[in-house]
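Next up: a single chain in structure tokens, the form predicted alone.
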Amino acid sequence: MKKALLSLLATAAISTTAYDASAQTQTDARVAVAITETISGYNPYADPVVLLSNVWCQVYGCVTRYDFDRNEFVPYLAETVQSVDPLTWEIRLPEGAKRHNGEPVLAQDIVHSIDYLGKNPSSGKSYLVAGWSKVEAIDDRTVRITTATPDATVPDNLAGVAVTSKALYDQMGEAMFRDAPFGAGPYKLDEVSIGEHIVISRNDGHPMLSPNNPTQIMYRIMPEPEQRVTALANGEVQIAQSVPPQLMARVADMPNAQIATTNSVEMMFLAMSPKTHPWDRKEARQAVAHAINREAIVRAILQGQADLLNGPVSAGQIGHDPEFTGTYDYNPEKARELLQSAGLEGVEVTLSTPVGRYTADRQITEAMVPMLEAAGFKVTLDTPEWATLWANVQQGKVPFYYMGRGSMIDPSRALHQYFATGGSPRIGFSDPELDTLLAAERAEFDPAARDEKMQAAVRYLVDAAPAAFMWQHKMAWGVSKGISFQPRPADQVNGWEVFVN
């Protein structure tokens, strides 16, 4: 097998020479970003949602990151990440890497961070390191990971590992996250207000930054779309996440802002937990997939700003088969027949939905209720606060819900998280055949062969229907004309990709 090498040199990911602060004029500007997500605290491992995870990577530095210009995972804090053999990966740190307090970044810090994730499943990220049988520091700059089985997704999983200090943790425990949040990323942590905002400031001299990146970035929680758009119009924020279709024209007409769009790699889906009735019956799950008129929702509510999914992935993602059209057309009669065949006609279910977290989420689920009832379900719509719903989903306490899973460039991590046995409590699905198929794709290092094996897993998953796959949004962001920012397919606002005009 060819040796897999993730970006041999750190120069593939970042410039090796920091800009000279004395020779270039730095922009002194603050940027505020209106976001839909919650902020749980100072622990960088406790926010598994994509945007907040990415903020913590900016502070601490994660081992790898996805480069959308190169279409591959590249080193972030690491210098190289290399597959030595099918069961062994090595991470090499750059010489002289330092934290914001001047202390060195060591291989022992990576080992500590991986160990912390593995021992704290409540973080929602322990699945990242599952199946890694041994992680050891060979020297101060080299980490060796031994996997129990071949695992081609290690670089992807390392993108979720923020590297915190072992020495500070040994000294302070988890108080370190609040009192000594010294990372090695391009930005430093300034302030956290739980449930309100997080503020980071530029780490001058970091090689990923240029002089006209923001001095300070505030990520402000604004769950309501109208609130985000109004703040953009008033100049309170310079970037507004997730502008819904009905508000896009308003932003486009603003003298101080404009719309920036990107395709999403976030699958939107209806999750059905087989741990609860009636979702323990495949017929009920398949009935949901037939009951939803996805075309009508995309046309009438999303105003065409979404692409339908025939499974968890679309064109350009690993595992997408253009010949596979799915098995669930809109067919309420078929849905009712499935419920009747299982003796479930009239069964009562509760559909839980976020409000303001995703584009038109409440309007979409309100439209789904009569569709589901036409198929024979009796439906109650549940609209809890996002923080409450998200916490309960992570603990496996929500039987039936509408949600998205972002950052699915390589879908393996997400599919294992939601659908593999023991991946996470979020759905609690378990199927030995699917486990075998997912393990096979993860163990395949040849890209073409892995794509075929992922396609097989996708086909099986769609038939088993622990989720009904809906669409991928075409994401619209509101951006002030005073800055330059082009959103990426994953929900990320990285300081080095924001330029103050």
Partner chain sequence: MLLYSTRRLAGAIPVLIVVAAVVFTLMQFAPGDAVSMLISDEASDADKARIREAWGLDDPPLMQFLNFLGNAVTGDFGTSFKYKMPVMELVLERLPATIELALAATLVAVAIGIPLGVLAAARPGSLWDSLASTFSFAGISMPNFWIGILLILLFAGHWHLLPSGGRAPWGMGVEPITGFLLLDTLIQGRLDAFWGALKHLALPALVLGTNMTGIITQLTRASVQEALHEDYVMTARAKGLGGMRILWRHAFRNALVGVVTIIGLEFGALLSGAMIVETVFAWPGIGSLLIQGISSRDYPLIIGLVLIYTAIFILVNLLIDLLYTLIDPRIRIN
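Residue numbers count along the first chain shown, from 1. Quick caveat, the model's predicted, so the values are computed rather than measured.
Quick note: we don't show the form predicted together with its partner chain, though the next part is all about it.
Interface membership of D139, defined by any non-hydrogen atom within 4.5 Å of its partner chain in the predicted bound form, is ruled out. Contact annotation for V63: none of its heavy atoms lies within 4.5 Å of its partner chain in the predicted bound form.
Not displayed here, its partner chain is kept clear of W132 by more than 4.5 Å at the level of heavy atoms in the predicted bound form. Although the partner is absent here, Y127 lies within 4.5 Å of its partner chain in the predicted bound form, judged by heavy atoms. With the partner left out here, its partner chain still marks one of 78-86, 113-121, 340-348, 325-333 in the predicted bound form; by a 4.5 Å heavy atom cut-off that stretch is 113-121.
A single residue from the set K188, K282, R413, K166 has any heavy atom within 4.5 angstroms of its partner chain in the predicted bound form; that residue is R413. The single contact residue among R294, R405, R202, R99, judged by any heavy atom lying within 4.5 Å of its partner chain in the predicted bound form, is R405. Shown here without its partner chain, the chain has no residue in 135-173 lying with a heavy atom within 4.5 Å of that partner in the predicted bound form.
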